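First, one chain by itself in structure tokens, the form predicted alone.
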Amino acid sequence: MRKRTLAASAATAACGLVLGIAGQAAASTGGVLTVGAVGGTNVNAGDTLTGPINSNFVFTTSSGKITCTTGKFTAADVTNGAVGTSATETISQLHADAANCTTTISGTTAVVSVEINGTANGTVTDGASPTLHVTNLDEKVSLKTILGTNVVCDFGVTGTNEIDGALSNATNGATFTSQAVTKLAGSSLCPTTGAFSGGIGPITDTTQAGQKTFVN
């Protein structure tokens, strides 16, 4: 009986040690992105990060502008390096609610849809000026024309070009100010260049109970 009791105690202790180590790993800190607070629990690879538009999305061109007041950002964390390095994301949604969008672009009367085409890449750098760098962005915008038909314009950045959003732990969001984008594809009605401004946040980690995300 004593042998069985000792064996059971040893097994329980070993199990507790394993669970303790696993718990420590799950609650690791020191990453570029954390949840709950600055220096909180790390955002993990595979976590889903999402947030609403908190400042109007405005695309300004020489022939008018598109303005959207509501929408949503969604990304998946790919890597979360240690403080002083970077974190990377795959952005799957940069959506605006067409019902809350307007257009003054010449020859158009309404916004039909604003959706990301494929995925974009995001890189978060920390430090004195934390920034979300977005590359490979292709935003597909469908506009209704004065003829009653729809025209599709793709705007974004390619290659090494990027748009940059200033990150804030006060709002747990990102703010883009007059970031240059170009026409990637579309009708001759589509402006060839423009500038994008807008904000998203608070960005939360839905994988970790919807906690707000911070950059360290």
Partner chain sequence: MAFTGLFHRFKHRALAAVAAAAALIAVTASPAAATTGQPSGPYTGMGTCPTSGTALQNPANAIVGCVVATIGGGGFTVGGTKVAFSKPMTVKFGMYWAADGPTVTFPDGTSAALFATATPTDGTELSASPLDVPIPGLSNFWPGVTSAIVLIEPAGPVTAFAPLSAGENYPLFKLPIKLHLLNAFLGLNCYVGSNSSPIVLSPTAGTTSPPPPNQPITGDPGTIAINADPNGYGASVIDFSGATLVDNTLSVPGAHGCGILDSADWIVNSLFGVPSAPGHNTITLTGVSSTIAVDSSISDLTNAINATRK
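Since we're looking at a predicted model, the values are computed, not measured. Numbering follows the first chain given and starts at 1.
Missing here is the form predicted in complex with its partner chain; even so, the following discussion is about that form.
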Quiz item: Any chance all of 161, 184 and 193 sit within 4.5 Å of its partner chain in the model of the complex, going by non-hydrogen atoms?
Solution: no
Quiz item: Heavy atoms within 4.5 Å of its partner chain in the model of the complex: does residue 106 have any?
Solution: yes
Quiz prompt | Partner proximity in the model of the complex: residue 166 to its partner chain, non-hydrogen atom cutoff 4.5 Å | solution = no
Quiz item: Is residue 28 close enough to touch its partner chain in the model of the complex, meaning at least one heavy atom pair within 4.5 Å?
Solution: no
Quiz prompt | Contact of residue 151 with its partner chain in the model of the complex (heavy atom, 4.5 Å) | solution = yes
Self-check item: Interface residue in the model of the complex among 86, 121, 145, 100, criterion: non-hydrogen atom within 4.5 angstroms of its partner chain
Solution: 145
Exercise. Spot the stretch among 35-43, 172-180, 65-73, 151-159 with residues whose non-hydrogen atoms come within 4.5 Å of its partner chain in the model of the complex.
Key: 151-159
